[in-house]
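Heads up, the chain below is alone and in the form predicted on its own; it's given as structure tokens.
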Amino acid sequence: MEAAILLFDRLTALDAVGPYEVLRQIPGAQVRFVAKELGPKRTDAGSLALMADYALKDISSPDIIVIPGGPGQADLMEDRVILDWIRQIHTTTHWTTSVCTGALILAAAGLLQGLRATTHWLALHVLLLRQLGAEAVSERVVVQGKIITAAGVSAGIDMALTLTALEYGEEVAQAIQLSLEYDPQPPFNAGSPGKAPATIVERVRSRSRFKVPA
């Protein structure tokens, strides 16, 4: 099994690394970090870089592609080279996936037409998914045929475990979950806008690059 995780400048690190930690443990898996150009790609904070060892031309038919999100997603939505590569790769993948605002990149490539899809809660209501033909839903992981979209950041781990269970069986997915000791017990019940105090929701929203339309 070959999985390709797209890297780009100003991506969110966990969007890529979360799925990587799951997929790399699938028996026989080869997980490759790919980008438009080889080399380090700085994450949204700028203090961390992930290395792309493969260029787009080097990856032609992976079984799985993962499209992460982050502020750099806006540029990729207008990058014809990236979008054409995603469209071409999608024709032969077993699974085409996104994490967080990576769903907007899939939508820009025309892959979410008429499909239910999720993304980070801050981006759900900016109309972009709807304008690009998708039905935005507030769910953690959404499976539509061979396309799987995940909500914000940490949901990429859930997405990769879901994919693993669908492709290789629940026992394989459970073994990977256990090896990661992925047993969320957060200190606060504030992991979604429906649970967090209203003041916290507004604090996070006020700092967001996405603004709710009037």
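Heads up: residue numbers just count along the shown sequence, starting at 1. Because the structure is predicted, anything quoted here is derived from the model rather than measured.
Omitted here: the form predicted together with another copy of the chain. The next part is about that form.
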item	value
Site check 28, 64 and 149: each within 4.5 Å of another copy of the chain in the model of the complex by heavy atom	no
Another copy of the chain contact at residue 121 in the model of the complex, heavy atom, 4.5 Å	yes
Contact label in the model of the complex: residue 44 to another copy of the chain, heavy atom within 4.5 Å	yes
Residue 145: touches another copy of the chain in the model of the complex, heavy atom cutoff 4.5 angstroms	no
Residue 171: touches another copy of the chain in the model of the complex, heavy atom cutoff 4.5 angstroms	yes
Partner contacts in the model of the complex for 149 to 163 (non-hydrogen atom within 4.5 angstroms of another copy of the chain)	151, 152, 153, 154, 157, 158, 161, 162
